[in-house]
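Let's start with one chain on its own, the form predicted on its own, as structure tokens.
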């Protein structure tokens, strides 16, 4: 088991999103969180990553997971730095030894290698998102959290992203992401958080994503 969420209560701006929310997450799963805006998709990812504290209950992550890869709505890129420098700095912070050819290969995968020396501030929103998603090439994290990862992407980039996620899954990684769009993964677990929100269901418990 990769992740165990045990009877958590989650709030945002003093509003209860979930009460008594429990789930077990296993290795090599793709889990898609869906639901209305404000239902708590992003907040749940933040709670798993440790950015947002739970009011009650516990979130337990397997001891063999030393770090989590988390990409939120923000791309976490420095506007004044070039595409290359942003990725190089991120790799250094993540303690990943990456050579220049690997950075170029990752950018080429998302068709932005020609932008390698451009400062982030000159890129479109879609291009910035592709730069941020290039970090996926370099992470060896066993738990990957992605908040609306395909926002601003074109069809080709969406397809390439989906292929990359499947590759991560085949290597034993677990991916939990939010999306308003069906990405078409086989054997994916779609979780509609509308069913478990405070306003629709006060005391929902379940054991595994497969039971949804």
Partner chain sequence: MMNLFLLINREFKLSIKNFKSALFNIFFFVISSFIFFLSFGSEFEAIIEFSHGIIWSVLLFSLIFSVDQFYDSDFKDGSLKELKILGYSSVEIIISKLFTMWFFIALPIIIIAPLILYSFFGVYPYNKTLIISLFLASPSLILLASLGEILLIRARKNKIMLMLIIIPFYIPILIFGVSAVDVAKLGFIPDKNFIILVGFFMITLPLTLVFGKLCIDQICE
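Numbering follows the first chain given and starts at 1. Treat the numbers as computed from the prediction; the structure is a model and nothing was measured.
Beyond the structure shown, there is the form predicted together with the partner chain, which is absent from this document and is the topic of what follows.
- Contact check at 4.5 Å (heavy atoms) against the partner chain in the model of the complex: none of 129, 154 and 162 pass.
- In short, of 165 to 173, 30 to 38, 180 to 188, 63 to 71 it is 63 to 71 that has heavy atoms within 4.5 Å of the partner chain in the model of the complex.
- Contact check for residue 99: no non-hydrogen atom falls within 4.5 Å of the partner chain in the model of the complex.
- Using a 4.5 Å cutoff between non-hydrogen atoms, residue 12 counts as a contact of the partner chain in the model of the complex.
- Mapping the unseen interface onto this chain, residue 140 falls outside it, with no heavy atom inside 4.5 Å of the partner chain in the model of the complex.
- Among heavy atoms of residue 78, some come within 4.5 Å of the partner chain in the model of the complex.
- Residues are counted as partner-facing when one of their heavy atoms sits within 4.5 Å of the partner chain in the model of the complex; in 88 to 109 these are 89, 90, 92, 93, 94, 95, in sequence order.
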